[in-house]
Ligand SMILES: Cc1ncc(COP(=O)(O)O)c(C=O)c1O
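So this first bit is one chain, no partners, the form predicted alone, shown in C-alpha cells.
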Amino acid sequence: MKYDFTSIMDRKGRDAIAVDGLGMNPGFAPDPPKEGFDIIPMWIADMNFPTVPTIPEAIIERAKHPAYGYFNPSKEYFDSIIKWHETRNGVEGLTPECIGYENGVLGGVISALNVFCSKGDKVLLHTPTYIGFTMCMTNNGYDMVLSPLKQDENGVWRMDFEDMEEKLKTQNIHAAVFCSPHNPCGRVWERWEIEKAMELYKKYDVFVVSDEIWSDIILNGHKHVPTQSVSEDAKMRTAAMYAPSKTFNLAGLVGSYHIIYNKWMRDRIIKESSLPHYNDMNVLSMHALIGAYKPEGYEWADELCQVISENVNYACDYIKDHFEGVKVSKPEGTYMLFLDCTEWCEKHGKTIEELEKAGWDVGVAWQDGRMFHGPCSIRLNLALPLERVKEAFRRMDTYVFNA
C-alpha cells in the first residue's frame, strides 16, 4: 500500500465524538469501557485512518494566506467534482450549473423534501433506516412510511417492490428518500433494482432524494450505479446528494453537494436552502474537497476500498465461524456491518441491551441497531486498521459471545 492504513491513531482529545463522546449521550452513544480496556471506536460512522495527505496540504496552503473573507466557489471546485464523477461513476455531461453546495446531506434532504412535500406529508423509505433520516424527518414534520427490505435465499438484502407499490398506491406518497449504497445494510444496488424502483416512482409520480454519500466506498468488486443514470426520467426526477466526508473522513469540516439536472427542481431547492441563511460554504471545506479529488485521492480511495474489503471479509468469516446465532449479510459497500443478534439473544436468555453493554464494557464501542429499525441488531464500524478489528473480535469472542 502506498498510503497509511495501519497506524493506530490516538484520537482522544482531538475533537472526535467516536472516542470522547462515549457516555455523553445515553441512549445514543456507547458507555465508556471498564478499567483495563482501551476504546475501539466502532460506532459512529467516521474512520480511524489518517486521510489522504493532499487534503491537509491543501488546507494548510490556503490557511497561509491570512484573509478568510467572503468568496464564491472556484472553477477548480466544480471541475474537481465533474472529473470525479466522470472518472469513478461514468457520469457524462455534468455541468457546474447542476452542482450546488449543501452544508450536509441531511440538510439537502430536508431542503428537497420541503420543495416536494408539505409538512405532515408521507415519505417512503426502506428499513432498516439510517438514524439521520429518522431524526431530520421527524424534526421537520414528515411522516415516514417504511418499506422493509427483505433477505433472499442467499441472505442478500432486496427491495420488496410489491410492498413499495402497495404503499405508494394507497398512502398518497409524493416523495421518497433512497439510500444508495444503503446504510446500514451495505447493499450496492444493481442497475435493474434501481430501474425497477425508479419505474415505480415514475408510475406514482414520486420525487426522489437519493443519498449517495457512500458511493465511493464499494467493496469486493461491486460497482456503484448513480440513481440518475438509469433513465432520462430518473435523471429529471431525482435530487442526488454527495459529499467527500464519508470517503475522506471530513465530516468535521462540513461540506456536501447536490447534483440536480431538473432546472425547476434545482431552482426551488436552492431557494429553499437559502431561506434560513445557513447554507454557506466554508473556504477551507472547499479546499479540502479540491485536495481530496486530486490524483492522489483517486489512489487513496482505491486503497481504502481494498482495506475495507479485507476487514469486511475477515469480520464476516469470523462471525460465521465463531458467533453461533449471529447473522450478518456481507456488505457490498460502506464500512458498516449490521448484525442480527435475535437468535443469539434468545438462545442465551439475554436482551440486546445486555449484549451491547457486554461489548461496551471491554472497549468494543459498537452501536445500538434499534435506532436503525433493527429490533435486535447492532451496527458495527470496520473503518479501522485490521489489527484493531482483530483485537475487537478477540474481545467479542472472549468476553461477549462465547464468555
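In this text the structure is predicted, and so the values were computed from the model without any measurement. Position 1 is the first residue in the sequence shown; the rest follow in order.
Separately, the form predicted in complex with this ligand exists; it is not shown, and the next lines address it.
Asker: Identify, from the list Ala234, Ile194, Cys179, Ile308, the residue with a heavy atom within 4.5 Å of this ligand in the predicted complex.
Answerer: Checked against the cut-off, the match is Cys179.
Asker: Of these, Asn183, Ser285, Thr247, Ser210, which has a heavy atom no more than 4.5 Å from this ligand in the predicted complex?
Answerer: Residue within 4.5 Å of the partner: Asn183.
Asker: Would this ligand in the predicted complex be within 4.5 angstroms of a non-hydrogen atom of every residue among Val312, Leu339 and Phe393?
Answerer: No.
Asker: Okay, which stretch from 77 to 85, 141 to 149, 102 to 110, 186 to 194 lines this ligand in the predicted complex, with non-hydrogen atoms inside 4.5 Å?
Answerer: Correct option: 102 to 110.
Asker: According to a 4.5 angstroms non-hydrogen atom cut-off, is Ala45 in contact with this ligand in the predicted complex?
Answerer: Ala45: yes, in contact with this ligand in the predicted complex.
Asker: Are any of the heavy atoms in Tyr130 no more than 4.5 Å from a heavy atom of this ligand in the predicted complex?
Answerer: Yes, contact at 4.5 Å.
Asker: Does the 4.5 Å heavy atom contact test between Ser256 and this ligand in the predicted complex come out positive?
Answerer: Within the cut-off, so yes.
Asker: So, in the predicted complex, is Trp300 in contact with this ligand at a 4.5 angstroms heavy atom limit?
Answerer: No - in the predicted complex, heavy atoms of Trp300 and this ligand never come within 4.5 Å of each other.
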